[in-house]
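Read the single chain below, which is given as structure tokens and is the form predicted on its own.
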């Protein structure tokens, strides 16, 4: 059996890495077990890194509360990681155009509440409805077929593969152990506590344990008697290579989006497919994404596609993640089910998970004894 650590984290995606950082800053020793050869190769790498839920007004307040934390604190995290590691996660406040207008009243009501929880620059508006003239100034490459939009100028993005690399380097500098090729086979427990974790290469023991294994969390927890309502949902994406600044804004239309990176790459995503643990690419998925992208920005019709990939999101019915202690195992915490919003919700989720793992009293005051992310 391996040496003991304060906390053992199952899963080296964005949730596991961010929680490990919270714990390490608090002085805890942390070990992460990652089933792949490197951390963050699943949905954390495959997603787009938009720092907002796609249609945030469609979600419960519990999601908004986590998004507020991410919106406030990602700029600082990106700057800290650049300073400590030399790797730039490329936080960019691109602004976000939403071409769907049917839910404007609902969006306006949500934005009024959200904007009170964050600090806005003087004279800045969090959400506004704009017409064709303003659209052409904000995003000249937008198709002329789109004549109005919702504009959220303060929404940013982060380049999630670079964020993962920076977090991994930062954690190693803090003494966190990341063990690759360590697929967990079983969680062994006795008398209401986890005794040890059995992985593909050894046994691991700790004072406390965190399951943050994304779409694989439910299958890991099944042997503990818990039925976690998290399932894999495939999302395919394609990547265009254009000139830098050819497209400047995040743009969303009919649940499909474009995300421009600093170097000219433009992500187009994403499909939503309930096909189990199947990451196979499809021609129909490619065509769906390409057509939606060209409808938004016609110049993409003649722009080369340089990559096509898929990831498995940890889907949950309401989009509200589970962040709670296991009902029967007092030293096991679960943090999973973030669906399409793992990056933006990750910072807030990691802080709650770290509080649960360390026995912090602040949860009682924060949630007034009611945890909105409890195991259902």
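Residue numbers count along the first chain shown, from 1. Remember, predicted model here, so these are calculated numbers, not experimental data.
Beyond what is shown, the protein has a form predicted in complex with a small molecule; the following relates to that form.
The small molecule in the predicted bound form comes within 4.5 Å of no heavy atom belonging to residue 351. For residue 64, no non-hydrogen atom is located within 4.5 Å of the small molecule in the predicted bound form, even though that partner is not displayed. For the chain shown alone, residue 357 is not a contact residue for the small molecule in the predicted bound form, no non-hydrogen atom being within 4.5 angstroms.
A residue is said to contact a partner when one of its heavy atoms sits within 4.5 Å of a partner heavy atom; residue 50 meets this definition for the small molecule in the predicted bound form. Between 23-31, 55-63, 41-49, 326-334, the stretch whose residues reach within 4.5 angstroms of the small molecule in the predicted bound form through a non-hydrogen atom is 41-49. Listed residues 91, 209, 257, 204 were compared with the small molecule in the predicted bound form; 257 is the one with a heavy atom within 4.5 Å. Site annotation in the predicted bound form: the residue of 103, 80, 231, 183 reaching within 4.5 Å of the small molecule with a heavy atom is 183.
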